[in-house]
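Only one chain is given next, in structure tokens, and it is the form predicted on its own.
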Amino acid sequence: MITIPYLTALTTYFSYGLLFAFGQFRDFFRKIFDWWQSSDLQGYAPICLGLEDFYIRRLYLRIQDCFGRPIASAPDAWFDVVERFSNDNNKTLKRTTKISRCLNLGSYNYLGFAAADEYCTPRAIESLKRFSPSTCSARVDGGTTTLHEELEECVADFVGKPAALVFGMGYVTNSAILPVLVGKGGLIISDSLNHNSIVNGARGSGATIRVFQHNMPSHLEKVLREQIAEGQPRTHRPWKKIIVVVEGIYSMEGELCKLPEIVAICKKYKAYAYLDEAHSIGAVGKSGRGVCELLGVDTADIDIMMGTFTKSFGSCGGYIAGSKELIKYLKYTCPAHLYATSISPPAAQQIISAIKVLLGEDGTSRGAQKLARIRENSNFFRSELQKMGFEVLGDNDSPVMPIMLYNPAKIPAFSRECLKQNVAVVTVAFPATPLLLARARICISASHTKEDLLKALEVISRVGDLVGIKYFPAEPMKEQREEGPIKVE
């Protein structure tokens, strides 16, 4: 739970209120001036109407240059950001031929596999020559290659489950799987800060949805107990199925799931545990096997394990791992498997090769070194940010570090000032976060050197002072702390 300082909350509300009031004022006068102009709708209702359209026009467009910045290189520790300009007050942005070489603090390239790799890249190129870029077919038609079967065996073995099923898109893995697993008469209990793919999957399932307070096992138990006692709405019959859905590392908070306690509650009340490891698989744990390995949870206690290949493995797609019966059922019923084009063969080979590097099957210790480096980089960077006085969310070992900004004016200010000093950061605001809780999300990589991190800290500290987002007093310098009182004779 984030506790917002009273003054910060007040000024943030005031800023949004001011933007809203001026936006409504401008809309009012636009209606007056447009009254005499002919409409281009020709009898159709406006396709974009409502509060979302107002938010985009009057708030988002003012700062849209901070989002969707095109890059012109691989998302390595440093990458090329294409410069853009606008001649209409940010309504449209046009690319230029200029590029800026920037330190990358925004990509999910946790282990550095997104750039050229001495083991992975040659094998991905060879698979491209052998299989082509796409299968041009669904898995049940002509879209299953030997690489797909090898990948599923590799993933199942890596996460410690009997079987796995892979998909071409990480978002779809959640949004398409949940409606297959549970439907009307079932109950989904979801963490209040779960990813949008989980939210949409739960809504599309037709099941009853209940939410528990973020990462609070005690509240989860209370919700479970109440729902089991009450049963289904109106009929009060027992639930057909109960699934508890949590994430390994929460992508906007950087927090580790309290998995041991949640698993114990699920077992106590006979509810299925669904674990989304999009940001944790490959990034945490001694051998990169995710939060189960990090927190000492037996994977046999997790009924459905989900993850993506877009973060730690430098590829695309997602997977579901579970019992052989579950995976067999999904192969017969899941629309993402039956109708969607299968994952690209070179992307599948990239994942297989990355897993082999992590396990040391490439004949080197590079995988262990990457895992040690991402852990050291993450903990060092988080510690230094906190010492500077920033409000940083998340837990140790997590490579995701949100820095709280709060005020809407500080979102573009922080992003633009960092970019001017060749540091590329991602800022996140409503609707991806609650209205008051805008933040900059830092993602650390094993490919970052100590010099990279020190440069980033120097720039972020300087911009933090300029923008005014150091909400806590900074720690004294080490040399100053070691100095004792001066004795005067």
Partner chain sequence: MYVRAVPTTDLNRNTEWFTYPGVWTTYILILFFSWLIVLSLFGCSPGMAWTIVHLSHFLVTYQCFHWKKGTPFADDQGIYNGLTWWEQIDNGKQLTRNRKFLTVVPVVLYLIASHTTDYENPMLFFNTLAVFVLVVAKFPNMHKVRIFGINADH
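What you see is a predicted model; the values in this text were computed from it and never measured. Positions refer to the first chain, counted from 1.
What comes next is about the form predicted together with the partner chain, which is not displayed.
Shown without its partner, this chain lists Leu457, Leu61, Leu436, Val426 as candidates; in the predicted bound form, only Leu436 has a non-hydrogen atom within 4.5 angstroms of the partner chain.
With the partner omitted here, the stretch from 64-72, 416-424, 51-59, 440-448 that lies within 4.5 Å of the partner chain by heavy atoms in the predicted bound form is 51-59. In the predicted bound form, the partner chain stays beyond 4.5 Å of every heavy atom belonging to Arg366.
Residue contact check for Leu19: none of its heavy atoms lie within 4.5 Å of the partner chain in the predicted bound form.
Shown alone here, Gln213 lies within 4.5 Å of the partner chain in the predicted bound form, counting heavy atoms only. Taking the partner from the other structure, the partner chain in the predicted bound form has no heavy atom within 4.5 Å of any heavy atom of Leu466.
With contact defined as any non-hydrogen atom lying within 4.5 angstroms of the partner chain in the predicted bound form, His219 is the only contacting residue in 218-236.
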